[in-house]
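Presented below, as structure tokens, is a lone chain in the form predicted alone.
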Amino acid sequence: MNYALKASALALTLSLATTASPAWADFWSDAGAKFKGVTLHGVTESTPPSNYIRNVLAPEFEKKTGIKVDIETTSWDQMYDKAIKDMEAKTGIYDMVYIEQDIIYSYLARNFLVDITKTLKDQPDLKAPTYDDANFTSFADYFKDASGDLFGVPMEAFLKAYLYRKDLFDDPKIKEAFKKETGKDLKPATTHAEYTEIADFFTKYGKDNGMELWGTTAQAHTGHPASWYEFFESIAPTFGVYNWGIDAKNNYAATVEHGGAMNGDKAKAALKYWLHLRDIAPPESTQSTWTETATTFAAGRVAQGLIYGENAAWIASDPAQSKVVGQVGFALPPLEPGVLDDAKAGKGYIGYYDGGAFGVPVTSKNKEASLLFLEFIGQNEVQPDWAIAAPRITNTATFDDPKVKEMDVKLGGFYTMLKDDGKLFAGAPPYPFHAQVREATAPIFYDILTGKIGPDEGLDQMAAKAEEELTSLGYRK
């Protein structure tokens, strides 16, 4: 009798498991059924993580749901232009837009985006059982409003790290030459003085030995915002100038005169340091954005540099694109004294924690279907292969995946750095006026780069212009 009861219970359990499993597995096909014939249109920057969405995740989603996804990958400036114009004109061309971390605050202020948290709560039939925004790393917090609602599903997150050529730094002949010239051992820099000394040495070494080799990269384009970003988000913080030198708690002061730091001594020292690096970098540096610095490093033309993490993995591991595979080391950026302590205390940061998310414009004609796609790319299940194809991690569980751990070893601990030291970096400050202040001050910055104006005078003018713009926008009273 007891045996019969146990057998009956076992049969019932198996029956429930059999009927429950297909329902779980068929969520995507069931949820997609009512959107049959729909084609979603998204726009994003042409980067390794975005290309993976277009080439791998979008076709996979279509197979599971029947919903076609057309991802348009384009240049950074075209991406913003197309997305913003579409949302401003309310034309509804795009169902999904890439949201870089530094622009989210402007989008929220203008009510451009669908509240993902609220929509999934109000429409539980859209909620995938394999999606949970609690799975994201803390980077997702950048895409939440003041109440904690999520407005973008993170699809890339990475540090702008210090990359160096291990083969050069470990070469006995080069080490001996460096020791003879400087009296020091050759190793990755921890201070700006050390970094400059290494950069000067390798530029001279390349010239003396007839090599196409320079001491550093420089993202110093004379007419593209990439140079502005390199200075304010990657260089200035390492000197202790945070949040662009604007003090939001002090009436948004930018000038030293009013309590800001954009034209302070630290900012001026940072700019002169960076301009020197620009002068000893490869000739293409004056036309280099974040893309060209990566290709310069991958071509073996520099000994070290600050490189966006989205490019780090392919530089270190893909022989089809890189000449320095297996020769790349990773380290924290060089810093002035006190900056690391500031970062550990939460008073500052040592560099840029970059990344972005996919959001749904309120003007989309296919909001529900678009949310399904965002949930799909936010699942833990799709992350490991994505992290290997492009060095981005947005879900905490990805760090512990065996394939990712294996790749981490090949990359010399790049993912470990992201996991352990990511807290020392920061995204852009939460300024709704981000684009306006950048555009107001960038022309002056370009004049500094082209030599039309000196660095000290230029920063003085930029700080004054920033305050002028903030006053015009109503932030500075």
Partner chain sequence: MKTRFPWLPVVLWTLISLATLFPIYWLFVISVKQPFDLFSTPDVILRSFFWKNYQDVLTNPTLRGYMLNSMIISSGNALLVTTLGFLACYALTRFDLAGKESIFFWTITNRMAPPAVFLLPLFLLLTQVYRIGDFSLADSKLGMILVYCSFNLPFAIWTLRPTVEGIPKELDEAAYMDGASPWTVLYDIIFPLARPGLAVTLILTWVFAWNEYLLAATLTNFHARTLTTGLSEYVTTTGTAWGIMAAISMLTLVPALIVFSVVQRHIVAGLTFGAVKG
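By rigid core we mean the largest C-alpha set that fits within 1.5 Å across both forms. No experiment lies behind these values; they were computed from the predicted model shown. Residue numbers count along the first chain shown, from 1.
The form predicted in complex with its partner chain is left out here; the points below concern that form.
### Query
Honest question, do Leu168, Glu176 and Thr196 all end up within 4.5 Å of its partner chain in the model of the complex by heavy atom distance?
Not one of the three qualifies.
### Task
Using the partner position in the model of the complex, report whether Thr65 sits within 4.5 Å of its partner chain, counting heavy atoms only.
Thr65: no, not in contact with its partner chain in the model of the complex.
### Task
Although its partner chain is absent from this view, report whether Ala320 comes within 4.5 Å of it in the model of the complex, heavy atoms only.
Yes, Ala320 lies within 4.5 Å of its partner chain in the model of the complex.
### Query
Do Gln304 and its partner chain share at least one heavy atom pair within 4.5 Å in the model of the complex?
Gln304 lies outside the contact set for its partner chain.
### Task
Report whether the minimum heavy atom distance between Pro48 and its partner chain in the model of the complex is within 4.5 Å.
The answer is yes: Pro48 has a heavy atom within 4.5 Å of its partner chain.
### Task
Using a 4.5 Å heavy atom cut-off, indicate which stretch of 84-92, 395-403, 141-149, 114-122 touches its partner chain in the model of the complex.
Single hit among the candidates: 84-92.
### Query
Which of these residues, Ala299, Val362, Val256, Ala128, gets a heavy atom within 4.5 Å of its partner chain in the model of the complex?
Here the answer is residue option Ala299.
### Message
By the heavy atom within 4.5 Å rule, which residue out of Tyr353, Trp386, Trp76, Phe330 makes contact with its partner chain in the model of the complex?
### Response
Partner contact (heavy atom, 4.5 Å) among the options: Trp76.
### Task
Heavy atoms within 4.5 Å of its partner chain in the model of the complex is the criterion; list the residues of 147-164 that meet it.
Residues within 4.5 Å: none.
### Query
Under a superposition restricted to the rigid core, does Glu156 display a Cα displacement of 2 angstroms or more between the shown form and the other one?
No; Glu156 is a residue whose C-alpha shifts by less than 2 Å between the shown form and the other one when the cores are overlaid.
### Query
Once everything's superposed on the core, is Leu418 shifted 2 Å or more at the Cα between the shown form and the other one?
Comparing the forms between the shown form and the other one, which are aligned on their rigid core, Leu418 does not shift its C-alpha by 2 Å or more.
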